[in-house]
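As a starting point, one isolated chain is supplied in structure tokens, in the form predicted on its own.
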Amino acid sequence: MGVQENVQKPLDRLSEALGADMAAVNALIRDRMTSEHAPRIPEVTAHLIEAGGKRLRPMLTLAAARIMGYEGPYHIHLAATVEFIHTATLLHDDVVDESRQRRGRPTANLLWDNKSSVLVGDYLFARSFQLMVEPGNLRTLEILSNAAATIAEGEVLQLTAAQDLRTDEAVYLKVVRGKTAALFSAATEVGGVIAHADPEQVQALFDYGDALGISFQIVDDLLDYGGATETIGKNVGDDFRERKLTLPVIKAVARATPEERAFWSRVIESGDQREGDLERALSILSRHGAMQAARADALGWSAKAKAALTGLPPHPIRDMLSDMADFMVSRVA
């Protein structure tokens, strides 16, 4: 049984349980990504949205609403909002990172150009705000608009922190809570809010999304140094080539000898990367047990996510979310 097949199981079960809702979300997304005057908008958007993404974030919104017994129509709008925000950030991220591959396919900025990716991302952000207004719930509007600002803030923080060897795990966590976990926690939180859940239950949903998002990002960092290209949808070593100080490297830098620190300074801070440097980086990570230590952190956050769910009503979908937290970390051995 392959790693990816293993990972897909809880997602597949969740997708099946939320099938009708996800079909409605996908229909709404397709409807709102159209443009009468700019045909490039649906071209670029469809390339990314139809690329086989797992739709994990909108599913979290639908799951939260269902666990809390919501029977209205607006969880669909909120889930579509979450996916639009996510897609907009991906378009912008690929320009910032000069990425060439996303979900195993060429990035939009490679197929079209940076201008198209930035402007279509802007369009999707605008569409997301139109969608989040429609439920008429000021609290969900506040949560999602705050998340959009937090994501941008996290990305800007990463610009300066990612290539600075002084960046420690506390700063890393701020970056991750911004650029990744903020949308996970907003996705789960708004599902509870639209269902009029108790404040304690809304907090539990937020806590689950926050911990799941942090675990997700740590695992993504680990896969960059040890996952198959087919599994991670990007090239192994992309973070290294983009000079990103991710958690395994931060842990290795904290334990580095003077010679190793000079190496990290050259390849990350100065960007002077040579043949064989990725292999040397992997050797240093292995020597200090940095990958195992980062995986232990991911397991810790996964356990926090599962613990948060105990504050929610018993429900088959709640059990699927618990399985999701386990399988998230199973992507790395």
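We number the residues from 1 along the sequence you see. Source: prediction; values computed, not measured.
Absent from the display: the form predicted together with another copy of the chain. The rest refers to it.
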**4.5 Å heavy atom contact with another copy of the chain in the predicted complex for all of Asp221, Ser283 and Ala325** = no
**Prompt:** Looking at the partner-bound form in the predicted complex, is Arg40 within 4.5 Å of another copy of the chain by any heavy atom?
**Reply:** yes
**Request:** Verify the contact flag for Pro199: yes if a non-hydrogen atom of it lies within 4.5 Å of a non-hydrogen atom of another copy of the chain in the predicted complex, no if not.
**Result:** no
**Message:** When the contact criterion is heavy atoms within 4.5 Å, does Glu169 count as touching another copy of the chain in the predicted complex?
**Reply:** no
**Request:** Although another copy of the chain is absent from this view, report whether Arg241 comes within 4.5 Å of it in the predicted complex, heavy atoms only.
**Result:** no
**Prompt:** in the predicted complex, which of the listed residues (His92, His77, Lys251, His86) lies with a heavy atom within 4.5 Å of another copy of the chain?
**Reply:** His92
**Request:** Can you check 191-199, 69-77, 145-153, 258-266 and let me know which stretch has heavy atoms within 4.5 Å of another copy of the chain in the predicted complex?
**Result:** 145-153
**Item:** Residues of stretch 157-186 in contact with another copy of the chain in the predicted complex (4.5 Å, non-hydrogen atom)
**Value:** Leu157, Leu159, Thr160, Lys174
